[in-house]
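Take a look at this one chain, the form predicted on its own, written out in structure tokens.
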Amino acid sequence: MLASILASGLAMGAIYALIGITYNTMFATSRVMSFTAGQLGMLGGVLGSLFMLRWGLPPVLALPLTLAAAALFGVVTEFVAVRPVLKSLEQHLYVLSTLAVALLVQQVVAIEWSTEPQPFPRLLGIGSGVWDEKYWLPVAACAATVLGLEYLYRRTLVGRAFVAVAEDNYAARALGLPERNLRIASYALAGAVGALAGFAGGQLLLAFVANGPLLNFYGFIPVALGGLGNNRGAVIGGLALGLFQQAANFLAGGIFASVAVFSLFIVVLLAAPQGLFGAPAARRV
């Protein structure tokens, strides 16, 4: 039982962490919390199943196609739901604009795909029991994403430009950095990360349109726990959430597990409003 809790908890936690990183990546260059992150995860599972089961493509082709399609959706989100809001004085309208895009995508997928969960194929056919690939693939995808982003941000000029825009977009623009193009690129990158979460976790979550709102909620918790913009905090928060959720499922089950998760979430935020690993907001005087 303990091994099952650890395996499923780490796998689900890695998926939540990837969605949290998706939130952070979009927020970094736009200061907008785009509520399409969960839909990106849902699209990763649906498109992966479409390409592999209905079109008969091998995983080595289905994965890049899925990531490219989700990256394109990320760019469309920036154009349609984010850029008009950034030009407005009422910038909190991003809540409505990104939610509208998320709901629109969910309805289109429900009509064109199905409202019922559809199967997702085995990718590698490796492992069984608690060592089955459905448990370790999301963890491996999460680790590869974190390492890749660390390399991008610390070792490449584009990554350093991302960091500069995230720190102070006005100063970055004054230095001649293409702030708009970097924001578009960050939304494309976020789209690929979100889709990777759904693709790597497809055997656990299946190809299900209802995964969109589920991942939106549970993917936001690691961001709040780890501190907004802190990818390492999102990973730690996501893994902790996954383990706690699976333990609650085994011990209490049903709706009580969700109550336990959100109760813990509220307690942590009351104790540390900026998140466990976030820095308190500085106020200029």
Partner chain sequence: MQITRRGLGLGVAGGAAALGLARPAIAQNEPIRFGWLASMTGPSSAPAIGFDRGVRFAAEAINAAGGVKGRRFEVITRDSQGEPTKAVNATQELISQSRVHAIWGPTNSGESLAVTAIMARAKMPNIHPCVVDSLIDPNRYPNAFRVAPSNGQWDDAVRRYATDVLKARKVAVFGDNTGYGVTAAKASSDAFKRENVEVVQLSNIDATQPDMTPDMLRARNAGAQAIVVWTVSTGMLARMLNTRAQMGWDVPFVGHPALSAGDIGGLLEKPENWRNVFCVGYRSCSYDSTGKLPARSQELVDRLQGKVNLNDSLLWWVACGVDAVNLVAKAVEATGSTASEAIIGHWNSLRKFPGYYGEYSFTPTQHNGYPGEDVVMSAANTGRNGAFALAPGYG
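Since the structure is predicted, the reported quantities are computational estimates derived from the model, not experimental observations. Numbering follows the first chain given and starts at 1.
Quick note: we don't show the form predicted together with its partner chain, though the next part is all about it.
- Although the partner is absent here, residue 116 sits close enough that one of its heavy atoms falls within 4.5 Å of its partner chain in the predicted bound form.
- In the predicted bound form, at least one heavy atom of residue 206 sits within 4.5 Å of its partner chain.
- Heavy atoms of residue 12 reach within 4.5 Å of its partner chain in the predicted bound form, making it an interface residue.
- With a 4.5 Å cutoff on heavy atoms, residue 253 counts as touching its partner chain in the predicted bound form.
- Per the 4.5 Å heavy atom criterion, its partner chain in the predicted bound form is contacted by stretch 127-135, the sole one of 175-183, 162-170, 127-135, 149-157.
- Heavy atoms closer than or equal to 4.5 Å to its partner chain in the predicted bound form belong, across 212-230, to one residue only: 214.
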